[in-house]
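Shown here is one chain on its own, the form predicted on its own, set out as structure tokens.
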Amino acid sequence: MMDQIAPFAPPSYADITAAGERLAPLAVRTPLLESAVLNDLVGGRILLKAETLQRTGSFKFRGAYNFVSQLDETQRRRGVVAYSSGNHAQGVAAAAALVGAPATIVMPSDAPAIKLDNTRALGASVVTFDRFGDSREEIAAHLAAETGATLVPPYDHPWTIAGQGTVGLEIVAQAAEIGTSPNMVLTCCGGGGLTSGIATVFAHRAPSTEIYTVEPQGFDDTARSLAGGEIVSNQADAHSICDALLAPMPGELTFAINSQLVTSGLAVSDDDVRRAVIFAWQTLKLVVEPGGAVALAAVLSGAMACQDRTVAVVLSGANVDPELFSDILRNGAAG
């Protein structure tokens, strides 16, 4: 039960390093890649953190395992519940399987089939809902109350944030290994867990580094919240191909952190994202899902000027529906 879990205070740098120790035997230390073609194109040095190669195909395994591994035996026997469009779902399913806990995941009925199938293949039970008519939070809370299972939040919890923050630990260390440190870090942003974890690391290790969120147009709630100084939500009828980044608003805890540590937010169009997905496949030889490509899209589109700067860009996930991926490669961006 959630009242058995640590208070909702921001994770410290020490919490993130502890998460790194928990994850070290299981998570992939994903590479920090560089492309001469991309560097020449933008006039800067771009360091690509390829979380596309992480266990379950996205950074979400980090936060999920850091959370689930801290549950006691009674909590593990009762199981876990999560809600997700797909990447957190797979991360929680994999983490629960590793500790022997049953998992139930609430997922939108229109989630990519590959995410639904992979979540089930990892041993979780899936409950679907209507993204535009149902409340995933209410469904998950009901299931947790009914079964005694622990709810594993996708972003708005210090254990989840600390796990995601290990991406930042690796960027700092890997950049140092090649003799550099980024001037800026661009992160994809849905609820803000990845950003707040990375921002916490850089605030401790390299406080002069600028941190930027990148979101799809229509779902730039974090950018608008940062600009206005208070949490705002997205329009209920907004649509984007970036299914991994369709949170209705920032988390309370993540926004409290990001409002202090993030420089500002950017938004990119679906066509910008399509071009980034194509570039990643053709030039970088990487499969990147739309939501995982928004930070790269900001670089390629010019939304973020990178001239003469060293920029770390997180490629956050690879779990793209085959039909959508084929359509993007075949038809490209409109116009």
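In this text, residue numbers run from 1 along the sequence as written. A quick note: this is a predicted structure, and the numbers were derived from the prediction, not measured.
Absent from the display: the form predicted in complex with a further copy of the same chain. The rest refers to it.
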Please name which of the stretches 66-74, 263-271, 53-61, 290-298 has residues with heavy atoms lying within 4.5 Å of a further copy of the same chain in the predicted complex. 53-61
Closest heavy atom of residue 13 to a further copy of the same chain in the predicted complex, within 4.5 Å or not? no
With a cut-off of 4.5 Å between heavy atoms, is residue 286 one of the residues that contacts a further copy of the same chain in the predicted complex? yes
Is residue 114 part of the interface with a further copy of the same chain in the predicted complex - any heavy atom within 4.5 Å? yes
Closest heavy atom of residue 33 to a further copy of the same chain in the predicted complex, within 4.5 Å or not? yes
With the partner absent here, would 282, 320 and 330 each sit within 4.5 Å of a further copy of the same chain in the predicted complex, counting heavy atoms only? yes
